[in-house]
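The form predicted alone is given below as one chain in structure tokens.
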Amino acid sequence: MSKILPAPYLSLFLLIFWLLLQNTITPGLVVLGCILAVAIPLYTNRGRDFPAKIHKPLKAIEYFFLLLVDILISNLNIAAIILMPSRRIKPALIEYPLDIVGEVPITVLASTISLTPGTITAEIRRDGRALMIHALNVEDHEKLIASIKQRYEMRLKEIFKC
């Protein structure tokens, strides 16, 4: 590994994948592919400072599909709120206590919350024991906390063993 190519196999994979996506090989596409194949690993190299071991890869795949379904359902709920302005929304700012530990699992949970339309992780407490979540429409704070713990955090505990 060098400073220019911190991940040579990733760079090679990116170049080949880029050319396959283009479905043609021209000098311009090869040059652009080489630039991307060098720039992307350089830009994302700092992410390697936070290694994470996935202990249950099948659970991680299940988690991914659960997240996709939840994103779809949340999109439909937000569309209903937008299309029916007479509906009363109840925004809330909630402090969510964390049971998981580790930078990567907490980041995955925070990203999951932010990817789901209608909720966003506003802040991670400095000690890493709580998230501040803004939700667009909350009937019951405790029910939302229990839902996140059950749907996401418990699965992440299994996946990362934290």
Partner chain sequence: MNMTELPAWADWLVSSLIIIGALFALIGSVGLARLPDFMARLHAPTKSTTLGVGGVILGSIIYFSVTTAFSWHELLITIFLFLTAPISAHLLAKAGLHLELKRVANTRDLRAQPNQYSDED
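Note that the rigid core is defined as the largest set of C-alphas that superpose within 1.5 Å between two forms. Residue numbers count along the first chain shown, from 1. It should be emphasised that the depicted structure is a prediction, and the values quoted were computed from it without experimental measurement.
Just so you know, the form predicted in complex with the partner chain exists too; it's not on screen, but the next bit is about it.
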{"query": "Heavy atom of Lys53 within 4.5 Å of the partner chain in the predicted bound form", "finding": "no"}
{"query": "Distance check, Val38 to the partner chain in the predicted bound form, heavy atom within 4.5 Å", "finding": "no"}
{"query": "4.5 angstroms heavy atom contact with the partner chain in the predicted bound form for His141", "finding": "yes"}
{"query": "Ser114: touches the partner chain in the predicted bound form, heavy atom cutoff 4.5 angstroms", "finding": "yes"}
{"query": "The partner chain in the predicted bound form reached by all of Ile71, Ile120 and His134, non-hydrogen atom within 4.5 Å", "finding": "yes"}
{"query": "Candidate from Ala146, Leu12, Leu20, Met154 lying within 4.5 Å of the partner chain in the predicted bound form - any heavy atom", "finding": "Leu20"}
{"query": "Threshold 2 Å Cα movement between the shown form and the other one for Leu21, core superposed", "finding": "yes"}
{"query": "Threshold 2 Å Cα movement between the shown form and the other one for Leu144, core superposed", "finding": "no"}
{"query": "Core superposition between the shown form and the other one, C-alpha change of Met154 at least 2 Å", "finding": "no"}
